[in-house]
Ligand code: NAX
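Here's a solo chain for you in structure tokens, the form predicted alone.
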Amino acid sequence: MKTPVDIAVTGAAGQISYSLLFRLAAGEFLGDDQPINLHLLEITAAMPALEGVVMELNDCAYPLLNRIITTDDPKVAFDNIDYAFLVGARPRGKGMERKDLLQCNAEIFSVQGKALDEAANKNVKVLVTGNPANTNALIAMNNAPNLKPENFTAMTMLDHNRTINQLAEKSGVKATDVKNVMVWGNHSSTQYPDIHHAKIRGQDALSLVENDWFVNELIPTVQQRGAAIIKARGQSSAASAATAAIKQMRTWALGTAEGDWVSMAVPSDGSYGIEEGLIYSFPVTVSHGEISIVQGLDVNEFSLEKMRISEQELHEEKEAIKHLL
């Protein structure tokens, strides 16, 4: 039996975590031979609800679930952890402006960044899914000076998956037939799902679908998908977000498939002219746990314009919370 790995999940009694935790315990993340310890963090008021989730986890009798720790203290939750799913975030309330949401979550993620810095394994892999995810990851990263910037990512795998599915549906193929889509920028309505380099069964995607459909249907559909789901079901994406979180972290741990890449929001190194230091979504490959931004892609003027719009939004978000960096 392997040594258990330690996985923290914040907002552990919430909607996304309820879809996430049982799948982690079942082995979907690191495989059916890797035992895990779950470190579950919640706010004090939600601790009773979290105990109910723990009861259900225990009732599943998962053979891989070695230990569960519940706490409202980030330092306890992050003690020597190997992986962190930062799911918990303040939702946008009625009448709340985006800047208000940024401010509320900035305070949460600055505290969590400090706790990660103090308590976590120095090679910890941190995935932020709580929105606004890119800037929350930036805050956590900047409040953890003893951790490497490359320890932090934000989730755009959900947007990547949405792009794959839209292209597969349009083309009448399976999702596994679609390769090399990418999502640039912020996990927001300014993100840019790009299929200029995508392949469908080895053929160029834009030779099989109309450019008008790409510009006027695929891009806005992916950009507005979260809002469409809220309108349809009255709640935000949960199961699909949990699926994407597992896929992004699993890819980070185990690597990308040969000849393909995925989309992850990572600290910009200036690639493609994007402001250095922003947490920006790029096409990336992963080998031995190391993320590399795909280099040398031909990017046309249409794409550059879309990429710059998202970059500007991220720059504005950074300016709004710069006192916490």
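This one's a predicted model, so the numbers in the text were calculated from it and none came from an experiment. One rule holds for the numbers: they count along the sequence shown, beginning at 1.
Another form, the form predicted together with the ligand, is not on view; read the next lines as being about it.
Do Ser303 and the ligand share at least one heavy atom pair within 4.5 Å in the predicted complex?
Ser303 lies outside the contact set for the ligand.
Should Leu41 be classed as touching the ligand in the predicted complex when contacts are defined as heavy atoms within 4.5 Å?
Leu41: contacts the ligand in the predicted complex.
Hey, in the predicted complex, is Ala13 touching the ligand, heavy atoms inside 4.5 Å?
Taking the distances in the predicted complex, the answer for Ala13 is yes, it comes within 4.5 Å of the ligand.
With the cut-off set at 4.5 Å between non-hydrogen atoms, does Val181 touch the ligand in the predicted complex?
Val181: no contact with the ligand in the predicted complex.
Identify, from the list Val126, Ala89, Met141, Ile200, the residue with a heavy atom within 4.5 Å of the ligand in the predicted complex.
Checked against the cut-off, the match is Ala89.
One residue of Leu208, Ile229, Ile108, Ala253 in contact with the ligand, assessed in the predicted complex (non-hydrogen atom, 4.5 angstroms)
Checked against the cut-off, the match is Ile108.
Which among 165 to 173, 211 to 219, 152 to 160, 116 to 124 is in contact with the ligand in the predicted complex, heavy atoms within 4.5 angstroms?
Answer to the contact question: 152 to 160.
Do all of Gln112, Ser237 and Ala241 end up near the ligand in the predicted complex, with near meaning a heavy atom within 4.5 Å?
Per the other structure, all of Gln112, Ser237 and Ala241 touch the ligand.
Relative to the ligand in the predicted complex, which residues of 164 to 193 have a heavy atom no more than 4.5 Å away?
Heavy-atom contacts to the ligand in the predicted complex: only His187.
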